[in-house]
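Next comes just one chain, in C-alpha cells: the form predicted on its own.
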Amino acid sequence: MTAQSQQAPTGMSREEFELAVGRVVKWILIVFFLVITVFPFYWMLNLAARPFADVLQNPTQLLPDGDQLATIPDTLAAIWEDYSFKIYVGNSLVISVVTVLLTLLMAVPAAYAVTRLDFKLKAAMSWGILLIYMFPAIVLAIPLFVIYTRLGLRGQLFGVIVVYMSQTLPVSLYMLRSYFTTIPVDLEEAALIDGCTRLQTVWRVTIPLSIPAIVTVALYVFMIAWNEFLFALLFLQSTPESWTLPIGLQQLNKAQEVPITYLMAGSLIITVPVILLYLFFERFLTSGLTAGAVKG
C-alpha cells in the first residue's frame, strides 16, 4: 500500500488530513496573534471607559457597562482642557504634517532623479543615504543636543522637524525609488515626445501613477513624527508650550495624583488617529509596500 492510499484515523486520506491540520493550525495562529495585538488596545479602552474608583474595586473587569462608557467624553474633556492636551495635539499635528510635506517635497524628486537620471556617484548616493538610517538615534542624540543648544534651536518646533526629516528621508527615498522602477519608462518618453517638459512629465505621469507609494511614505513619516519621543523630549522639554503628545503623556504619568483612566484616555488620543489613517488609506498601502518586491 502506497503512502497516498494510506488512510488517516478519521477516514480521510493523508493529503486531506494534512490540509485539515494545516487549516486548524492556521486559524489557531491567526486567533493567537489577533489576541496579543488587539487585546492591549481593548484593555486600554476598557480602563479609559471606567471611573477610577471602579478600576480600583474591580481591576479585572473585562466589559464596561453602558453607564461607564458614558464617562469617556468627560474623561477626554478633562485631559483635553485641564492637562493641556489640546496644545500637545496641536504641536504634534503641526510637526507631523510639516514633516510629511517637507519629506515628500524632497524625497519624490530625489527618488525620481536616482531612478531615471544618470549622474556621477549615483549608486553611492542611493546606498549612502540609506546607510544614514542605520545609525541608532541615541548615537546622534548628544551631538545634536550640543549643536541645537549652540544654535538656539532648543524649544522650537522647527528644530524637531529638521531632526525628523533626517530620520525619515532616507527610508522614504528608498521606498519611492523601489516604486519608480516599476513604472514603465515608455510612458514618460511618450509624454516627452508629446511636448511635456521633464517637470511636467513627473507631475502629470509619474506622480499620479505613484500615489500608492506616496501615500505609504506619507503615513510612515506621519506615524514616526506623531509617536517619536526621544528627540522631542531632548529638545522640547524646557518649553512646555511646545510639548508634543508623547511628552505630555509622559509628564502626565509622572504626576502621582493623576488616575490611570486619564493615562489610558491620553493613550487613546495618541493611538486612534494613526489607526484611523491606516484604515482609511489601507487600499493604497498594500500596493505601496509591495511595489518593487517582484519584477517580471
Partner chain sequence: MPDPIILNFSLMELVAYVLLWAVLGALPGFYLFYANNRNPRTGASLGVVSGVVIGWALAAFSAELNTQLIVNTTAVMWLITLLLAATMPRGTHNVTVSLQQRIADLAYGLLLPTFLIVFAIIIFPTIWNLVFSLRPIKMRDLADASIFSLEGLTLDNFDRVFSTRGGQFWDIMLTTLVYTFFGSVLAIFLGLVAALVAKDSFPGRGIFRGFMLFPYIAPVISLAFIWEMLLNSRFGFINEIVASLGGTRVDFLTTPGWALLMIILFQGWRYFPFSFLFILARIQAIPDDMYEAAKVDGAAPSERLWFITLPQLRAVFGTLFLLRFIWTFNKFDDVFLLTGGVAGTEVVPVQIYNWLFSRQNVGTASATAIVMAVILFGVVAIYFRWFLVAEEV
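So that the term is clear: the rigid core is the largest set of C-alpha atoms that superpose within 1.5 Å between two forms. Residue numbers count along the first chain shown, from 1. Small disclaimer: the values here were computed from a predicted structure and weren't measured.
Keep in mind the form predicted together with its partner chain is missing from the figure; the text below concerns it.
Undergrad: Should R198 be classed as touching its partner chain in the predicted complex when contacts are defined as heavy atoms within 4.5 Å?
TA: Close contact exists here: in the predicted complex, R198 approaches its partner chain to within 4.5 Å, heavy atoms only.
Undergrad: Could you confirm whether G155 comes within 4.5 Å of its partner chain in the predicted complex, counting heavy atoms only?
TA: Although its partner chain is absent here, G155 would stay clear of it in the predicted complex, with no heavy atoms inside 4.5 Å.
Undergrad: Any chance V55 has a heavy atom within 4.5 Å of its partner chain in the predicted complex?
TA: Contact check for V55: yes, within 4.5 Å of its partner chain in the predicted complex.
Undergrad: Can you work out whether P246 and its partner chain are in contact in the predicted complex, taking contact to mean some heavy atom pair no more than 4.5 Å apart?
TA: Yes, P246 sits close enough to its partner chain in the predicted complex that at least one of its heavy atoms falls within 4.5 Å.
Undergrad: Of the listed stretches (177-185, 204-212, 140-148, 91-99), which one has a non-hydrogen atom within 4.5 Å of its partner chain in the predicted complex?
TA: Comparing against its partner chain in the predicted complex, the contact stretch is 140-148.
Undergrad: If we check its partner chain in the predicted complex, which of the residues in 15-49 reach within 4.5 angstroms of it by a non-hydrogen atom?
TA: The stretch touches the partner through E15, E18, L19, K26, W27, L29, I30, F32, F33, L34, I36, T37, V38, F39, P40, F41, W43, M44, L47.
Undergrad: F32: after superposing the rigid core, is there a C-alpha shift of 2 Å or more between this form and the one not shown?
TA: For F32, whose C-alpha is compared between this form and the one not shown after core superposition, the shift is 2 Å or more.
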